[in-house]
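What follows is a single chain, given as structure tokens, in the form predicted on its own.
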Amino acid sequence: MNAAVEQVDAVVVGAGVVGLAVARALGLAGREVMVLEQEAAIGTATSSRNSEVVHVGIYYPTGSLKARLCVAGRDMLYAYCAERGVAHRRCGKLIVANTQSQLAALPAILDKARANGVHDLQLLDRQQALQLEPGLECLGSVYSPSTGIVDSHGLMLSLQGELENAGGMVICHAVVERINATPDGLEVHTADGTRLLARTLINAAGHGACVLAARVQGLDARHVPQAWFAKGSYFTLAGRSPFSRLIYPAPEPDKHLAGLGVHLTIDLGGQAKFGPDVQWVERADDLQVDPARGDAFYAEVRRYWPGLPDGALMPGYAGMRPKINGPHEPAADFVIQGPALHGVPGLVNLFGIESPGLTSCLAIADHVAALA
């Protein structure tokens, strides 16, 4: 016997930081919202396996969604965390040059940042950088005072709390098997036999967004990009961090980087970690850290921190970038598709929401709410 169809105004698939931010925005706008999450808890994938860095919007192509939403989202996120009591810190970041080509490219980083609306970067020579971080080794650096760190889980709990206060709900263990575009709305079928009819459906499924979009009957397959998975392993440092700011290697000019190099980040407790590296893999759930990958970290880290002791790095955790570009392609922009593009009323797909997705989450949410 077919289960009865339950009507709901808006369904968000995926309870990561972006899905929760979108659901909160819809809820605060007076919409009835249900979030479907296939895992046992919120934010167990990309949202909990990253560097927890609040980016300022330096590297992204000017005018791209990544640039615009990161710059807007950073200010929104700092204001939100201050207002809601979510733990965060503007610790600052040094982008350090250790080769002449990196050093020569530092002024271009400032130019790109200014074009994106980031105006507080400072160019430092070697001595100025070492005054900030005496353990550092570099030829010069760019200082970003507004870069910070945030408690991503605290942020997600806050977003969930506001959604629920607005009458919305998050349902875990909810696996969406298919979605039918009908004249009456989007019919969602879950693995347990539940059927929902939604006026609006937001696909914020992260790694699974491309697979989910392919299950939408009525959506032309040419609007669904190929999913690629770039794993990033982190190694933690025994003992306290040698630096109080984040340390990033400057990008090598003319390289298409899947990540931003093996950088040092610190958490709110003062623990340092290095990573992520980039390893293209076949599956989104390939999250084991291979201890042997740590060998390459030592040489990378010692370029900017020669004092790294032998044996000090321990395997930490791995994250997965939900990419829509392959290993030898330039990094793709965020893809946020509404009905005006794909022609399915009420459907919004979010593809390739990797870094700076955490920083951008509130700005992405406003963007999606406007499309929905």
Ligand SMILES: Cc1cc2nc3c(=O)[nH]c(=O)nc-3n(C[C@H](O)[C@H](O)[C@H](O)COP(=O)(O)OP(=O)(O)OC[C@H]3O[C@@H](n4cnc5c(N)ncnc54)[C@H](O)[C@@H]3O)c2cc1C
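Residue positions are given as counts along the sequence shown, with the first one as 1. None of these values were measured; they are calculated from a predicted model.
Beyond what is shown, the protein has a form predicted together with this ligand; the following relates to that form.
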| property | result |
| --- | --- |
| The unique member of Leu26, Leu313, Leu36, Ile58 whose heavy atoms fall within 4.5 Å of this ligand in the predicted complex | Leu36 |
| Contact residue in the predicted complex, chosen from Gly208, Gly154, Pro225, Gly92 - any heavy atom within 4.5 Å of this ligand | Gly208 |
| Heavy atom of Ala204 within 4.5 Å of this ligand in the predicted complex | yes |
| Any non-hydrogen atom of Leu358 within 4.5 angstroms of this ligand in the predicted complex | yes |
| Contact label in the predicted complex: Pro276 to this ligand, heavy atom within 4.5 Å | yes |
| Touches this ligand in the predicted complex: Lys66 (any heavy atom, 4.5 Å) | no |
| Partner-facing stretch of 132-140, 159-167, 172-180, 119-127, counted where any non-hydrogen atom is within 4.5 angstroms of this ligand in the predicted complex | 172-180 |
| Residues in 72-100 with any heavy atom within 4.5 Å of this ligand in the predicted complex | none |
